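Below sits a lone chain in structure tokens, taken as the form predicted on its own.
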Amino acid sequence: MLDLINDFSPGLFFMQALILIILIALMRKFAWRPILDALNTREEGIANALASAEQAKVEMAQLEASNQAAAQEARAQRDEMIKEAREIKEKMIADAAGQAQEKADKIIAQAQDAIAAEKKAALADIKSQVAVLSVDIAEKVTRKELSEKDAQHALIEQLLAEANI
């Protein structure tokens, strides 16, 4: 340290201080400002990137909420469509059951009508057969009774007497 004090030269010190001040001024003018400007520009770019990222995050949240709302709406529409399909199915089943019941009622009514018609026809046939049998029996009885002349006269007189009454 003593060597430094002995070698000290005020002129050299002054020149070195002047060079240092000039160097600082030049650095400030030509290097410091562009470096600070570059740093400020970079800082602004980072701030803009952060703001853009935040905005993108907000947009993503909105998009996600929109997607959830759309999915919920789609589920609601699906549930509504399923409900409508069930209602249509139940209505079709009820309609088919009603039509089947109507057809069954018609068939039963037609069968009852056919049975009644056949019953009437059978009764008419039985009546005609009974009438034919009755006529045959009456004819045979009348032949037997009318085979005698006295019996014929008595029957004719009896019939005339009944007719006059």
Partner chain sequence: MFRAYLKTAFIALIFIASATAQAQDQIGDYAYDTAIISDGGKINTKPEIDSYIDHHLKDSHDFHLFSYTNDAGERKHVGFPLPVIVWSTDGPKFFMSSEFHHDDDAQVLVNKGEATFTKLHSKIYELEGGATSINFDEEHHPTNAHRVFDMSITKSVFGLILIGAFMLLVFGGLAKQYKTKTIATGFGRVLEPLVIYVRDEIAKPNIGEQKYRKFMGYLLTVFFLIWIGNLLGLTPFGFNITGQIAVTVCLALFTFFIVQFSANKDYWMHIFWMPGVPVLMKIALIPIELIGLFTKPFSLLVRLFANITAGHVVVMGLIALMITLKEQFGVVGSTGLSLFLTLFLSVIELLVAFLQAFIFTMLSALFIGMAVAEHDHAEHAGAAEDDIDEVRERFV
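Definition used throughout: the rigid core is the maximal C-alpha set that superposes within 1.5 Å between two forms. Note that the coordinates shown come from a computational prediction; the quantities given were computed from them, not determined experimentally. Positions refer to the first chain, counted from 1.
Not on display, but discussed next: the form predicted in complex with the partner chain.
May I ask you to choose, among Ala38, Ala69, Ala49, Ala97, the residue with a heavy atom within 4.5 Å of the partner chain in the predicted bound form? Only one listed residue qualifies here, and that residue is Ala38.
In the predicted bound form, does Asn6 have a heavy atom within 4.5 Å of the partner chain? Yes, Asn6 sits close enough to the partner chain in the predicted bound form that at least one of its heavy atoms falls within 4.5 Å.
Contact between Leu26 and the partner chain in the predicted bound form at 4.5 Å, heavy atoms? Contact check for Leu26: yes, within 4.5 Å of the partner chain in the predicted bound form.
Are any of the heavy atoms in Ala17 no more than 4.5 Å from a heavy atom of the partner chain in the predicted bound form? Judged by the heavy-atom cut-off of 4.5 Å, Ala17 is in contact with the partner chain in the predicted bound form.
Is the gap between Arg42 and the partner chain in the predicted bound form 4.5 Å or less for some heavy atom pair? Contact check for Arg42: yes, within 4.5 Å of the partner chain in the predicted bound form.
Among 101-109, 55-63, 126-134, 26-34, which stretch has residues with heavy atoms no more than 4.5 Å from the partner chain in the predicted bound form? Only one stretch qualifies here: 26-34.
Core-aligned CA displacement of Leu123 at least 2 Å between this form and the one not shown: For Leu123, whose C-alpha is compared between this form and the one not shown after core superposition, the shift is less than 2 Å.
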